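Just one chain is shown here, as structure tokens, and it is the form predicted on its own.
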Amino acid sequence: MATLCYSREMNEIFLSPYNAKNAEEKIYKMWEDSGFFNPDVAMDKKVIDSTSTPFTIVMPPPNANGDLHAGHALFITLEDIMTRFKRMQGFKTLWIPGADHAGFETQVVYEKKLEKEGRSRFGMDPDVLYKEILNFTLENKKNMESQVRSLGASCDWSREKFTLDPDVVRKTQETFVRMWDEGIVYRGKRTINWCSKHQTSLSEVETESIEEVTPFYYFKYGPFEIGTVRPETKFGDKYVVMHPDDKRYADYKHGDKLTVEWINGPIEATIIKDPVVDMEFGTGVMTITPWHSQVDFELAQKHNLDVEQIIDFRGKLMPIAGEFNGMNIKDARPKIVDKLKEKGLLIKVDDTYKNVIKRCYKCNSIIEPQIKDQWFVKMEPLAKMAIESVDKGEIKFIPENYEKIFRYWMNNTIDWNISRQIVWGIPIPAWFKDGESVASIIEPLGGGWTRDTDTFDTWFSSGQWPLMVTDFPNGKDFNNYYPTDVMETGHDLIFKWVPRMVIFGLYLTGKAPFHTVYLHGLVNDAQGKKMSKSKGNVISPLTLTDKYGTDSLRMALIIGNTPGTDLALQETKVKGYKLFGNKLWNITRFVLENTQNFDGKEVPLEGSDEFYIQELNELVENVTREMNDFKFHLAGEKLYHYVWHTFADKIIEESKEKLKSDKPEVVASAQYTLRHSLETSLKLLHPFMPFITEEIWTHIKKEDENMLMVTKWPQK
């Protein structure tokens, strides 16, 4: 127990209300200057034992393209709670921070900046554009890191990594070359998701499938009736597909040909029989557009059919569309329907049809399936490794139901398109010559090769993040801290980032990159609605911390927030925890005023004091168990109720009479209970409210005692 000293100066400190603004910057500088965020320093200074068990968290690197949002504040709070708890328990604790260049997302942000300036990335020199985005990103990176510090993150800044650090770029490219050499990566002309606005391909996880009411058109196609939501793609439809067992079309044989009147005149159509057709949907007959549909493309490959592009990469119709050539597909659609109607080929229109439409997750543009030569990762063998790892119990998910979601995505993978037609990112180390493709960091022998201008999907590099930050394959940190312990991130990344980290970890090292995946929910506005700039309901965490202090925001984000569940962030809740901080401050003043002559030694307990110390021991046991079980919301709530309702309302109130007693043993018992309850409460609360607890501790600790951050966690 610390020997509490009491002086006139201390009296003045605690008579004034706690001032978070004045305390937080000073306290964080003290932490950072101590070097104790770095486990190597902590071992050198004998704060932790060199033989201690490692505990490692890798920070999901925030995008270095803007301010932190409420979701960032939540993950920083959760990971800092884990880190501080383990550090106080004596673990060799390492929390590695970083920043993400965020490829496509950052380029989209910068393109908006260019638009405001009356400029466009199209036509700009790629090197000039890259340098502009780099300067923009590095400036934002500094600002972002300052904001991470302001939220109390006790991460080891000496190990901070950026996803465009030279070693990260090199290792990412080396992984690609290795996967090429081992047949895991290939280049192929396949259907991709194409964003016409941003002129790049996107992976499945970068698109959003949205159900919308779309007109469904029924057309006469020779003797058949066909249906479509996209008449603008139908110019090249010359194959009629039906199920081989459909008795309605038994007279038609596979390969039969017939002439039908169509949009721009007669065409020769060929009958294709294939079980892919759903006989129960519509008339059981469909025409196919192989270039602009994944299903149709696969059918065309299966039957060796012609494939022709109808819509160009700008979203405009091509010469095959005749009079509609060069028109935007949105503008052309009603005109095409009118022409078919004039020719007597429009049967009817269903305006109530519900259709799932893919859109770009950044600009909401409708995704156009296109065929393009791209680099793909074969997902099936990698996904198999991931499932086997989960089967063996190597990875645990919190909440548990997310294991099913993870398994679903791993059991239903499609090959991953990793090519992006953007400047901002890690260049794909590939070369082309005379129709040949090869993966190589340097130009292959012989000369005459052309370098690929595409960059990697950002998930290709960030999927290797736990390896990069621990200096895989031969670094000291890799040997000491890999596999890491916890990957804490948003539940929406269960099918984006988490699987990619797992497969890369297993592929490159044979070990899963972490033991536990902790998934938090989204932070929504006070009404539970998703925050968005367009709605004007974005709550900045920095605005809240400026008004109420960082500790108040941290408590509001944690208490009542179960893993995987979305949280409605209410300012009144944050304000309430500021009052709780004031309560803790006032409790400290009372304890100091009434224990100034106590020497800190343990004494026999009198009356209810024995009960209160036993209750506190049970609290230590319960909170420690909840923390070890990742139930931080429960641990925080128990601490709040203990401090406010037991410590303040009961222990302090009862002590007022005991301290007036003429029996020294009664006074000593009350003083011990007050002192022990305060010190233990500060230790237990520290992971949740690090600033105010450390500020109090600096005033009450003995000179030879260490800061609260590295004080031992209470024992029962």
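So that there is no doubt, residue numbering starts at 1 and follows the sequence shown. Predicted model, so just to flag it, every value in this text is computed and none were measured.
Only in words, not in the display: the form predicted in complex with the RNA, which the text now covers.
Q: Counting non-hydrogen atoms within 4.5 angstroms of the RNA in the predicted complex, say which of 70, 666, 47, 652 makes the cut.
A: By the 4.5 Å heavy-atom cutoff, the listed residue in contact is 652.
Q: Which residue, 180, 130, 249, 495, is the contact with the RNA in the predicted complex, using a 4.5 Å heavy atom cutoff?
A: Of the listed residues, the single hit is 495.
Q: Indicate whether the RNA has at least one heavy atom within 4.5 Å of a heavy atom of residue 597 in the predicted complex.
A: Residue 597: no, not in contact with the RNA in the predicted complex.
Q: At 4.5 Å between heavy atoms, is residue 281 in contact with the RNA in the predicted complex?
A: Judged by the heavy-atom cut-off of 4.5 Å, residue 281 is in contact with the RNA in the predicted complex.
Q: Residue 26 near the RNA in the predicted complex, any heavy atom under 4.5 Å?
A: No, residue 26 sits far enough from the RNA in the predicted complex that none of its heavy atoms falls within 4.5 Å.
Q: For residue 234, is any heavy atom within 4.5 Å of the RNA in the predicted complex, or not?
A: Flag for residue 234 set to yes.
Q: Can you tell me which of 581-589, 106-114, 88-96, 468-476 lies within 4.5 Å of the RNA in the predicted complex, counting heavy atoms only?
A: Only one stretch qualifies here: 581-589.
Q: Quick one: name the residues from 642-663 with any non-hydrogen atom within 4.5 angstroms of the RNA in the predicted complex.
A: Residues within 4.5 Å: 644, 645, 648, 649, 652, 653, 656.
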